[in-house]
Structures are given as structure tokens and as C-alpha cells.
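In C-alpha cells, one chain follows: the form predicted alone.
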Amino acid sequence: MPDRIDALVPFSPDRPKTRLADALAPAERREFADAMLTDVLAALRAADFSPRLLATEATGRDVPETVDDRPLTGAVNAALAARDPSAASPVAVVMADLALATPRALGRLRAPGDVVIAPGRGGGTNALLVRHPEFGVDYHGASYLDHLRAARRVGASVRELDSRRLATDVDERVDLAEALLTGEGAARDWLRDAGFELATGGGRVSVVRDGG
């Protein structure tokens, strides 16, 4: 059994998934975000990670939690700086909205490299594993490119992961189709219970909702 690795999971319960406002009411966005978080935490545990929430406010979940209401970059860098600065203490950072993530996909973060990056669609960074003690994150703009530059600055080796499941974060209505198509857990079930279903007309799979 490989050693367990700490995994930070940033989560904002006070302002969840604002770009889904055209598909979900505020209370529904909170419920759906919670369902995706449940899936990510379960997949991390099954992949032998030890998840810790990095939340903007207390969630009451049965998981270790650090409350830090600073913007994402500052909060994650503070958490990375607090770890044991040795190569034997890698830390993963995994976003809470990866509704397609599986233990197998997350397990690929254990690949060799000072920094292992799973890019998101559109230039973001959906998951990282950091072994280099001087590497810091920057989640503004095209963070994938920023992280490649940050690794070069500190002389860190980089391994990039090509993973559809880790590249897909659910931010907008069009992403809901992905969760229904290949999701396997609470987020998919929440969407089904809320009346969402796939619509296959028009050349591209989308979603429709009962009653609207």
C-alpha cells in the first residue's frame, strides 16, 4: 500500500458555483456543490489520499478542515508553506467540482515529478501534486501556464497529466451534461433527482430539466 498523501480541497460554501445561476437557484447551487464535494472527498480517500478542506467558512463536515477566507492563491500557498518542507511530504491540491473524478484518475497524481499538473479545460489547473518546497501556486487567469512558469523559476521538474476526468470541472450549464454522461456518484444522482436529463438533439449533448 503506498503512503497516504495529504490533499487540500478548496471549497467556498458561501458563494458556490455562481456561473450556474442560469440553471440552478442559489440553494440548489449549494446542494449541488456539496454533492460534488462529497464525490471528490470519496474518490480521494479511495485513492489513498488524506483530504483536508480549505474552506472559506466552516462546513461542519466530518473531515479535517482549515478555514481561510482569503482568495484561492493566498490560501493555498499558506497551506503549502505550513507543510513539512521535504520531498517525503508531497501535498495535492484538488478542486472540489471535479464531478467526474475517480480514484484511478486521482491516483495518477502520484506520478514522478516535483510538480504534477492536471490541467483543466480552458487553461485552468484542476489538480496538482507538489513535492518541491519552493513551488507556489497562482490561480489567476490561465493558471496552467502560470504553474509551468512557476515550476521553471524554482527549477522543479513537471509531469503533466492528460486526463479527461480531471480536466472536467463543472462550472457552467454545458458542463452538467458531462456529469450526467460519465459521473458516477452523488453529483450525478443530485442532477437526476432535480429533474435534469440529457438532450441529444441539435448535434451536441446538452441537458434539459423537467418543468423548464
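Numbering starts at 1 and runs along the sequence shown. Note that the structure is a prediction, hence the values are computed from the model and not measured.
There is another form of the same protein, the form predicted in complex with another copy of the chain; it is not shown, and what comes next is about it.
Peer 1: Applying a 4.5 Å heavy atom distance criterion, does residue 108 contact another copy of the chain in the predicted complex?
Peer 2: Judged by the heavy-atom cut-off of 4.5 Å, residue 108 is in contact with another copy of the chain in the predicted complex.
Peer 1: Could you tell me if residue 90 has a non-hydrogen atom within 4.5 Å of another copy of the chain in the predicted complex?
Peer 2: So residue 90 does not count as contacting another copy of the chain.
Peer 1: Against another copy of the chain in the predicted complex, would residue 19 count as a contact residue? Criterion: heavy atoms within 4.5 Å.
Peer 2: Residue 19 belongs to the contact set for another copy of the chain.
Peer 1: Even though another copy of the chain is not shown here, does residue 34 get within 4.5 Å of it in the predicted complex, heavy atoms only?
Peer 2: Output for residue 34 is no: heavy atoms all beyond 4.5 Å of another copy of the chain.
Peer 1: Does each of 119, 175 and 181 have at least one heavy atom within 4.5 Å of another copy of the chain in the predicted complex?
Peer 2: Yes: 119, 175 and 181 each sit within 4.5 Å of another copy of the chain in the predicted complex.
Peer 1: With another copy of the chain left out of view, choose which of 74, 103, 133, 123 has a non-hydrogen atom within 4.5 angstroms of it in the predicted complex.
Peer 2: None of the others qualify; the residue that does is 123.
Peer 1: Just to be sure I understand the contacts: of 167, 42, 54, 150, which is the one whose heavy atoms reach within 4.5 angstroms of another copy of the chain in the predicted complex?
Peer 2: Comparing distances to another copy of the chain in the predicted complex, the residue within 4.5 Å is 167.
Peer 1: Just to confirm the contact call: exactly one of 181 to 189, 56 to 64, 24 to 32, 42 to 50 touches another copy of the chain in the predicted complex at a 4.5 Å heavy atom cutoff, so which is it?
Peer 2: Going by heavy atoms within 4.5 Å, the stretch is 181 to 189.
Peer 1: Using a 4.5 Å cut-off on heavy atoms, which residues of 142 to 157 contact another copy of the chain in the predicted complex?
Peer 2: Going through 142 to 157 in order - heavy atoms within 4.5 Å of another copy of the chain in the predicted complex - the hits are 142, 144, 145.
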